[in-house]
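A lone chain, given as structure tokens: the form predicted on its own.
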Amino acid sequence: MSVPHPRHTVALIPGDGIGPEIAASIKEIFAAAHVPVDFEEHDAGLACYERTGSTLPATTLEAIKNHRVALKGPTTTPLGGGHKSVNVTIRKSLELYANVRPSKSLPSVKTRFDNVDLIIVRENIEDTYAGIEHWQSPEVCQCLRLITRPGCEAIHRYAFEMARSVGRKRVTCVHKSNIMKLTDGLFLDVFREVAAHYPDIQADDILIDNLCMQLVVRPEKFDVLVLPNLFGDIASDLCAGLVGGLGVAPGGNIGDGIAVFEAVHGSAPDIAGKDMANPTALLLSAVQMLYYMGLNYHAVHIESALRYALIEGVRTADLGGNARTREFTKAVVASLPKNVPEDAADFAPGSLYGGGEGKPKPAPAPARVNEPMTVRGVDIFVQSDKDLPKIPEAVGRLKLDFKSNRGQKVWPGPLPSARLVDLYRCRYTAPAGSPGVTDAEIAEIQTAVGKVHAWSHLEKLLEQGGKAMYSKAHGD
């Protein structure tokens, strides 16, 4: 005798603009497909802020934690100032470190390519999305790009485990380590360390600029791509464009035992309430969610029903058709199988999105030996809006090596024909082979420089195993 699949409660966040309409479409399709999921609705986004004063109420975040799985519609994030992105807040609050964005060609969706089938695995927490920014002077602001070894290990292990679980054969690391030698260098080094534990998966790497060119020439050559946060954000939208745009692009944010699936497009307030919205992206995200939950039977048939509706020519305006939201929803429902067996959960083929449990088990972290680091000097950033800052050329045993502006050396030697701004990096180092620099010595530099020029901040120069763990200035 078959045993009914237990029901699951999923937190549903309809979001802003067209969000409630497309969320209603998913609920209708799930009900017609007899998916054993109960949606519990919660609020977030701009409309929520206008009602409650919070873009992400504590009750919503708590519901996601309790249910472990959420489906989220689009939420509005103002450009520039305004409240923080709800998406970023959720990802960081729940340590959803892997953003998984499949891109697969859909039938009857006209694009330049008809053979795209790849998965973006984007690191979701670090990089410039740490959101650490400062004005250093009236003319210079900075953003810190944070890449950590634990963060790299987590995303690379996830990429290889996911590739193995869904039968993918190749994982490509995307980076820019020829320029960002330390941050992207770490991302690539850890990729190679992790790849050594997966001899059954082909591993290679590519520069981000080359990837973008290759994607719009031969996207079929790629399988799984793993990228740092900012590059992944850009490349995943590019890949969405290859298969029809953000209106057909699913996305999942995966952590350890918790996940939030979302439509990655905007809230489109200009068409909200007009029965014009395309539910495809949120529906494919819901399918991805079902695979993650192990509800593969329902995932397969809902995805098949969607593809059949597209083959039949039922498309919304953004895909070149004239179907309304309600009409599109009914077409998907009409394409669903009529009878769903009680033991539907036993049907478990491999899938694009995760297959089976859909939650790759982390591999052991690669063994490594952490050598101690020694402080060899300090970069102190000095403000001067008139000329090269005149500061001491030596403080104690520390000698001034160079001054740079916008990363280019401007002293010693002839002043280059460069557009100078009012902030200079001034590097002091101890003689080679001498003991490490102490905090007291760095404080002496701060005091000595501060007597003649305002300084904004400093960075210690670390050395490990005789290797400089800091960059040179261009021209040094």
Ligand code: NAI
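Note that residue numbering begins at 1 and tracks the sequence as displayed. Source: prediction; values computed, not measured.
Not pictured, yet referred to below: the form predicted in complex with this ligand.
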- Query: Taking the partner as it appears in the predicted bound form, which of 371-379, 217-225, 393-401, 274-282 has residues with heavy atoms within 4.5 Å of this ligand?
  - Reply: 274-282
- Is A268 close enough to touch this ligand in the predicted bound form, meaning at least one heavy atom pair within 4.5 Å? yes
- Message: Does any part of T75 reach within 4.5 Å of this ligand in the predicted bound form? Heavy atoms only, please.
- Response: yes
- Message: Using a 4.5 angstroms cut-off on non-hydrogen atoms, would E262 count as touching this ligand in the predicted bound form?
- Response: yes
- Would N405 count as a contact of this ligand in the predicted bound form, using a 4.5 angstroms cut-off between non-hydrogen atoms? no
- What is the one choice in E193, D233, D205, D318 with a heavy atom within 4.5 Å of this ligand in the predicted bound form? D318
- Task: Scan N229, T183, N296, N87 and let me know which has any heavy atom within 4.5 Å of this ligand in the predicted bound form.
- Result: N87
- Task: Could you list the residues in 17-55 that come within 4.5 Å of this ligand in the predicted bound form, counting only heavy atoms and keeping sequence order?
- Result: I18
